[in-house]
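Only one chain comes next, encoded as structure tokens, the form predicted on its own.
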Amino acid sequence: MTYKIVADSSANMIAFDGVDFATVPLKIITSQKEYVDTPELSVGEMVSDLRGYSGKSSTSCPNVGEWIEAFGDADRVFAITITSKLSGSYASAVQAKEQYEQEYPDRRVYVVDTLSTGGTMVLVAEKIRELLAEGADYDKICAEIPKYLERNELFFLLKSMRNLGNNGRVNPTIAKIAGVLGINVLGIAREGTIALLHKCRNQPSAMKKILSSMKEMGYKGGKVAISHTLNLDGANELFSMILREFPNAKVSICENRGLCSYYAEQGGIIIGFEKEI
């Protein structure tokens, strides 16, 4: 029996050791250029281009064929997607599952709607890898993932919400005001959509608010997956704050790829973490 994990590119994962893995790209589209969220994409160049671009922009999810190609010839596939409330990636993956299983009746695909993005998707992939290493079978893993998702939360810190506002992900008026005032906005992924929680005047105060909010949500030293868009200093600051209070916590840092950088924009940080319930 062969197993494979496939994630769309909003997971920010290029490679994943210890298991057969593939990623499928989302796209960022402007009237001038299309940015395909593959490992070859220069995120810095894309972010710079978009900061100087005043026209309309949008995103596009992976198509059914791209998902099927990524499934390869695995007997059992776990497909991890960005929230279905904000993207068609989940629906596309479900269509790919149906076609794949119809063509290969002895194979199975479990599509995980994380109702989130970024770090949550990383943590789900890590959980699947852990279960596989323990010898859990496909049905056991499918039963465990929904339970695990209940223990996950996603925070984000944004210095700009222009792209979120322009694409209807948050109130455009609030997004515009936040940009004018130059404040840091702390938000949370709530039931698959974006909810804004706090406004902070500077990054240090925002980091303190993130950690205190994590603890209020039930964080007690579990895993944390931090991703950032051209803000390694901020990610490292939060990393250090978490480890000072929870020395045994497992905290990882990576760079946001194209899709997450498009929405988080320059300076944005996304934090996925485990809580106790």
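On a predicted model such as this, the values are computed, not experimentally measured, just so you know. The first residue of the shown sequence is 1; numbering continues from there.
Not on display, but discussed next: the form predicted in complex with heptadecanoic acid.
Undergrad: Are any of the heavy atoms in residue 117 no more than 4.5 Å from a heavy atom of heptadecanoic acid in the predicted bound form?
TA: Residue 117: contacts heptadecanoic acid in the predicted bound form.
Undergrad: May I ask you to check whether residue 71 falls inside a 4.5 Å heavy atom distance of heptadecanoic acid in the predicted bound form?
TA: It does not: once heptadecanoic acid is placed as it appears in the predicted bound form, residue 71 has no heavy atom within 4.5 Å of it.
Undergrad: Examine residue 93 and determine whether its closest non-hydrogen atom to heptadecanoic acid in the predicted bound form is within 4.5 angstroms.
TA: Outside the cut-off, so no.
Undergrad: Can you check whether residue 6 is within 4.5 Å of heptadecanoic acid in the predicted bound form, heavy atom basis?
TA: Result no; residue 6 lies far from heptadecanoic acid in the predicted bound form.
Undergrad: Of the options 122, 185, 86, 109, which one has a non-hydrogen atom that comes within 4.5 Å of heptadecanoic acid in the predicted bound form?
TA: Of the listed residues, the single hit is 86.
Undergrad: Given that heptadecanoic acid is left out here, which of 207, 164, 128, 79 has a heavy atom within 4.5 Å of it in the predicted bound form?
TA: Contact check passes for 164.
Undergrad: Checking a candidate spot here: are 13, 132 and 252 all in contact with heptadecanoic acid in the predicted bound form (at least one heavy atom each within 4.5 Å)?
TA: Looking in the predicted bound form, the three residues 13, 132 and 252 all stay beyond 4.5 Å of heptadecanoic acid (heavy atoms).
Undergrad: Where, among 199-207, 100-108, 139-147, 152-160, do residues come within 4.5 Å of heptadecanoic acid in the predicted bound form by heavy atom distance?
TA: Only one stretch passes the 4.5 Å heavy-atom test: 152-160.
Undergrad: Even though the chain is shown alone, can you say which residues of 1-32 have a heavy atom within 4.5 Å of heptadecanoic acid in the predicted bound form?
TA: The stretch touches the partner through 26 alone.
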